[in-house]
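Below you will find one chain, with nothing else, as structure tokens; this is the form predicted alone, and questions on how it binds or moves follow later.
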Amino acid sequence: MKKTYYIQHAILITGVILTLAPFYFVISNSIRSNNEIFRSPFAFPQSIKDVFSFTVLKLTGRENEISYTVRTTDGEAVLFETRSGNYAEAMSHQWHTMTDGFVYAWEVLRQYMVNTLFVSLTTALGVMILGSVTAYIFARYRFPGSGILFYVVISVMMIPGILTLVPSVQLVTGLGLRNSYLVLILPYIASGQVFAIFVLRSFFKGLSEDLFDAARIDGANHFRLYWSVVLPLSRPSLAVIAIMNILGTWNAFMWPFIVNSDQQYHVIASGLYIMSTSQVATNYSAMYSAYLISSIPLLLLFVYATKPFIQGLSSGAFKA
């Protein structure tokens, strides 16, 4: 038993290391110079080593032993000057060395990040509103052909998105929507409806009819039933819809890159591609910093939305 215990933990630890290694690689290289990256891609950043070293010298009263190299330019020539003896200046220099890539990457990505946040949040809101209304009608009301119409809607999930790419581009071009926010928001809302309807209809059908009867006795109309009964109870399921749509919209590359040639409307995925094909690509610190900055919103979403997402799954959001 002990041998099995150790083997299981060894496998789990190995899996954790392999999972976290790419994150360490990106974070480490985002605060290192090109020379450091070429010399040893997986080494610990020298700037952090220097910070610890300077701090130890400061605390032990040997501040005069602090020395660091400052890179300067004289015309086209690159000069390196060694300075020593000032802890505050040395720490300031190390801070600027570690954050230069992030500052430069943010200047390039700022507009792309704003565009992506706007498109993602607007799309998620639109999908939740339209999807919940449609799913509520399918779940709580019967009309001729409702079952057939629902399965027709759901069957769209079986069509690969790449097959609709060309006609979709022709459609938005004919409507004059290219190079705008609408060319991203409207198709994303339309494509997100199918999954939202599928998830929410199953949840709405599972709600007790007694809740609706009690609300009707109190004089609730159709809108009041939807607004005051259905929506408050479906928050976990709506969280699932919102999270899935934000993730899909944030990571989308092909559609935004094709329909928007104007960089004013580019999103984060196409912005990163543009950076990787420009002169910025030679600055590896800036590129790794850009990758890290672009992933921070999704990491925050993962941290704060994991609980409602799990609640949505366990509450029957995917119940058949």
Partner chain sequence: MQHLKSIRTGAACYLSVLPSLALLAVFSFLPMFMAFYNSFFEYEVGGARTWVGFDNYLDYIISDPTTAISFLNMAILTAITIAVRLSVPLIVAKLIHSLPHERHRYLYRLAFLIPSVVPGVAIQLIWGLLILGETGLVNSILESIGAGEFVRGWLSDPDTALLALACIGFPWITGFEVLIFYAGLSNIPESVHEAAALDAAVGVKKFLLIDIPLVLSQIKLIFMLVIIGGIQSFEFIFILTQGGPGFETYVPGLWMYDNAFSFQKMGYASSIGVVLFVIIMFFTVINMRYFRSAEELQEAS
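Positions refer to the first chain, counted from 1. None of these values were measured; they are calculated from a predicted model. Each form is matched to the other, and the largest set of C-alpha atoms that superpose within 1.5 Å is called the rigid core.
As for the form predicted in complex with its partner chain, it is not shown, yet the points below apply to it.
- Checked against its partner chain in the predicted bound form, the residues S180, T122, S168, T99 give one hit for a heavy atom within 4.5 Å, which is S168.
- Taking the partner from the other structure, its partner chain in the predicted bound form has no heavy atom within 4.5 Å of any heavy atom of Q94.
- When contacts are judged by a 4.5 Å heavy atom cut-off, F223 does not count as touching its partner chain in the predicted bound form.
- Of the heavy atoms in A239, none are within 4.5 Å of its partner chain in the predicted bound form.
- Its partner chain in the predicted bound form comes within 4.5 Å of no heavy atom belonging to F54.
- Annotation for 8-27: interface residues with its partner chain in the predicted bound form are Q8, H9, I11, L12, I13, G15, V16, L18, T19, L20, P22, F23, F25, V26 [heavy atom within 4.5 Å].
- Once both forms are fitted on their rigid core, the CA atom of N34 lies 2 Å or more apart between this form and the one not shown.
- Comparing the forms between this form and the one not shown on their rigid core, the Cα displacement of A21 stays under 2 Å.
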